[in-house]
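Take a look at this single chain in structure tokens; it is the form predicted on its own.
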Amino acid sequence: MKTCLIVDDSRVIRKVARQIFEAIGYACEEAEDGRKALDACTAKLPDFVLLDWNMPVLNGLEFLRALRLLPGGDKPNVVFCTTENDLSHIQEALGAGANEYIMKPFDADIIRGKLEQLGLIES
């Protein structure tokens, strides 16, 4: 079973995302900040990371840069999921190693579309 790490400081966002990913067939873990997410990835890399930008301790961009330096850290697909929608934020995220970028609020169709686009599920 494919694994997903949902990283967001909002419990509601994590819960909604978890329901979507579990319905698609992913086993999910959650982290409420970038430090806890990095600890989880150090223990076991997920196949996919849904990542918020603005979080305490380590923000999404700091987490992503640290993830990509871990052994095998280039493997997880990372999709930023945030309210930061200006072009400079998107370019910075993609430049740091994000695979894709989606805006909040999101729904199951948006998540499915990104997973299809990344070749992680079939349409």
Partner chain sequence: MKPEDFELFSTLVKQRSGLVLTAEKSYLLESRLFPVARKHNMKSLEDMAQALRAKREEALMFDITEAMTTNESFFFRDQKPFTLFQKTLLPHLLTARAGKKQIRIWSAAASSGQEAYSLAMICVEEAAKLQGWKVEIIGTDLSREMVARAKGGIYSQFEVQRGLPVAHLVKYFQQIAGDKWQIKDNIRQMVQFREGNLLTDFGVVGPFDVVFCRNVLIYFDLPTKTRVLATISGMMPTDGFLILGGAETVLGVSDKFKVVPGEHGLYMGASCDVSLISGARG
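Residue numbers count along the first chain shown, from 1. Remember, predicted model here, so these are calculated numbers, not experimental data.
Below, we turn to the form predicted in complex with the partner chain, even though it does not appear here.
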Looking in the predicted complex, any heavy atom of N54 within 4.5 Å of the partner chain? no
Would you classify R18 as touching the partner chain in the predicted complex, given a 4.5 Å non-hydrogen atom cut-off? no
Answer yes if any heavy atom of L87 is within 4.5 Å of a heavy atom of the partner chain in the predicted complex; otherwise answer no. yes
Within 4.5 Å, heavy atoms only: does L70 come near the partner chain in the predicted complex? no
Looking at heavy atoms inside 4.5 Å, which stretch does the partner chain contact in the predicted complex, given the options 23-31, 78-86, 37-45, 55-63? 78-86
May I ask you to list the residues of 54-83 that have any heavy atom within 4.5 angstroms of the partner chain in the predicted complex, in sequence order? none
